[in-house]
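Taking the form predicted on its own, here's one chain by itself in structure tokens.
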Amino acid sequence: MTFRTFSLGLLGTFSLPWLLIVVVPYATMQRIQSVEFNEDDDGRTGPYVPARPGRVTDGAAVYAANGCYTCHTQLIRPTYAGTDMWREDWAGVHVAADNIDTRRETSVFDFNGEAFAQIGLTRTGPDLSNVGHRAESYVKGTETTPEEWFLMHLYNPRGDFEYWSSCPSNGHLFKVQKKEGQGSGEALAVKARKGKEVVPTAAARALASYLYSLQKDDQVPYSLNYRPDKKRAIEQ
């Protein structure tokens, strides 16, 4: 084997995966075309507009900067590649109010408003594709809001307000300050040293809002629904 052959082989070995894993997906994300609903397939017409309430852009930046993608995915895999579709609340709502089952696999539109698709590296923790709805179930019947739940979880994942978690604390996103009078009104309902209170920073609030926005419960066009058991509107 000549040095030239070795060099070309080495270049191809690393260039092809980089092209397929980085360049092609990035180019695809930059050229997303609008998808229309079809009356026969979806029972409605008009363009599909992804529903993403919350601070998506800056929240996603905080999510990425803190390496959340290292342990959490946002990817509901195709049914031939795993059982994500059938895990409780991972893929969406079982039956929506309009009697349409919104559980589905991930599509490129789920990352609308984000610079990069946060598909994740590993699943050390649970998938977050639909964590916004899970948070709603955690606080049901309490006075805590889902965003407050996320803030408390970020500050102390092993607090007594929910299940035990192996997630590391993100205490650097919070300020521990002196409590003046009745407090600032922005403090979390968590334990703090006497005379102190824990206040979330703007970055913490952006991240909590972003996590709450992860709710894959909107109806997608038939052409974007990759479920093997999907049905057209005329078949329902």
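Quantities reported herein were computed from a predicted structural model and do not represent experimental measurements. We number the residues from 1 along the sequence you see.
Below: the form predicted in complex with ligand HEC, not depicted.
Between Ala192, Cys167, Ala187, Ala203, only one gets a heavy atom within 4.5 angstroms of ligand HEC in the predicted complex; which residue is that? Partner contact (heavy atom, 4.5 Å) among the options: Cys167.
Spot the stretch among 25-33, 60-68, 195-203, 38-46 with residues whose non-hydrogen atoms come within 4.5 Å of ligand HEC in the predicted complex. Flagged stretch: 60-68.
His153 within 4.5 Å of ligand HEC in the predicted complex, heavy atoms: Yes - in the predicted complex, heavy atoms of His153 and ligand HEC come within 4.5 Å of each other.
Taking ligand HEC as it sits in the predicted complex, is His72 near enough to touch it, meaning that at least one heavy atom pair lies within 4.5 angstroms? So His72 counts as contacting ligand HEC.
Even though ligand HEC is not shown here, does Thr83 get within 4.5 Å of it in the predicted complex, heavy atoms only? Flag for Thr83 set to no.
Does Arg134 reach ligand HEC in the predicted complex if we count a contact as any heavy atom within 4.5 Å? Heavy-atom contact with ligand HEC at 4.5 Å: present for Arg134.
Since the partner is left out here, which residues of 14-39 would have a heavy atom within 4.5 Å of ligand HEC in the predicted complex? Counting only heavy atoms within 4.5 Å of ligand HEC in the predicted complex, no residue of 14-39 makes contact.
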